[in-house]
Ligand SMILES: Cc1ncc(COP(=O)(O)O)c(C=O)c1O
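Here's a solo chain for you in structure tokens, the form predicted alone.
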Amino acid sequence: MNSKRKIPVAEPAIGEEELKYVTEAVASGWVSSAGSFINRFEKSFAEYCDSKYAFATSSGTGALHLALESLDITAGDEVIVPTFSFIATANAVSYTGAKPIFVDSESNTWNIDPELIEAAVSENTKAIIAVHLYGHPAKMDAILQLASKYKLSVIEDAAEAHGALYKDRKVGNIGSLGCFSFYGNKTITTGEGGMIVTDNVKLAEKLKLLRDHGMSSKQRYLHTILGYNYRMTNLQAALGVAQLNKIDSLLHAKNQIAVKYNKLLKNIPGINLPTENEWALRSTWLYTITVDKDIFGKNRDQLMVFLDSCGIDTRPTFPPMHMQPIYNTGQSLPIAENLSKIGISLPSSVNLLDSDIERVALAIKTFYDSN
């Protein structure tokens, strides 16, 4: 197997249309944060998410930070977040001076457990961030019900869930604000970049100010509030327009990859496949399984080492944020802690060949048979 090419976990699907639009942006001379592709990308993405407003940003993390700032989250406030997520979710809270409050996961969706949220609410709680982890929607009805009870805002972190559906609604347009990432390994990419969507006109007006140094739209160089430089470039937006044009085909390809993996891996003892609730349509950002050591015979880390020796790249699931050195709360959140030890993301690029998927599955089966 070593003689074959290394199969990456993820890689962008960039073609002729992307090159054409980026070339147009370069030729126009509008290469920074103004230009026709910015407005085009924002308008198209808002329509895709069934939202009234969309604001392109320099990163998904920047989108989260701006969303929190638009809600006036500040020092002394608390924001409830799932502990099982990429660190950006908590860091964006910390940027505002507020404190992230960590909550454990559900065992099936891996998302924040709504039944545990209420116990984390205090008089300082101002918002909940619901992460649609690995492309599976969180239980938004239960989260919104709690938010309404305690008068909290809800931000959707949909960085990994482009196109996912919660009860036939696009994620990102269910809470007060939705945030997306277009990092190079996401379903659609602008290299770096993000987007915020909302239906709230007051939040939209504030987001526009915050994103561009707090500069008034009526008078150049008049700065009415403390803002940030979180703008996307026209070059990135040109790439995004082309990517968004083919998002349906990319999502279909991702789904087909999951179907093929499910078929090939379902009979390997100790390999647990990703789930999908009946009310959800998962957006398979990364195809992620868990490894039951007692049944499989080896643990997740041993499988990763073996797959690497076979020229197959993988990623572990996220370490719980409450155990990260910068937070380290001392909490016991057992579901997330266990998921972080047993989860592994397999190659999930839309560029995968059937033979690549078969090679990954065969390697896992070979490793199991070697026990």
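Being a predicted model, the structure only gives us computed values, none of them experimental. One-based numbering along the sequence shown.
In what follows, reference is made to the form predicted in complex with the named molecule, a form of this protein that is not presented.
**Q** Which residue, A336, C49, A56, L64, is the contact with the named molecule in the model of the complex, using a 4.5 Å heavy atom cutoff?
**A** Checked against the cut-off, the match is L64.
**Q** Name the residue from I80, V93, V131, V171 that puts a heavy atom within 4.5 Å of the named molecule in the model of the complex.
**A** Contact with the named molecule in the model of the complex is made by V131 alone.
**Q** Since the chain is shown here on its own, which stretch among 288-296, 212-220, 109-117, 153-161 would lie within 4.5 Å of the named molecule in the model of the complex, judged by heavy atoms?
**A** Partner-contacting stretch among the options: 153-161.
**Q** Just checking whether G240 would be counted as a contact of the named molecule in the model of the complex - the rule being heavy atoms within 4.5 angstroms.
**A** Although the named molecule is absent here, G240 would stay clear of it in the model of the complex, with no heavy atoms inside 4.5 Å.
**Q** Does the 4.5 Å heavy atom contact test between W279 and the named molecule in the model of the complex come out positive?
**A** No - in the model of the complex, heavy atoms of W279 and the named molecule never come within 4.5 Å of each other.
**Q** Can you tell me whether G60 touches the named molecule? I mean in the model of the complex, with a 4.5 angstroms heavy atom cut-off.
**A** Yes, contact at 4.5 Å.
**Q** Would you please decide whether Y183 lies within 4.5 angstroms of the named molecule in the model of the complex, comparing each non-hydrogen atom pair?
**A** Yes, Y183 sits close enough to the named molecule in the model of the complex that at least one of its heavy atoms falls within 4.5 Å.
**Q** For 326-358: residues with a non-hydrogen atom within 4.5 angstroms of the named molecule in the model of the complex?
**A** None of them.
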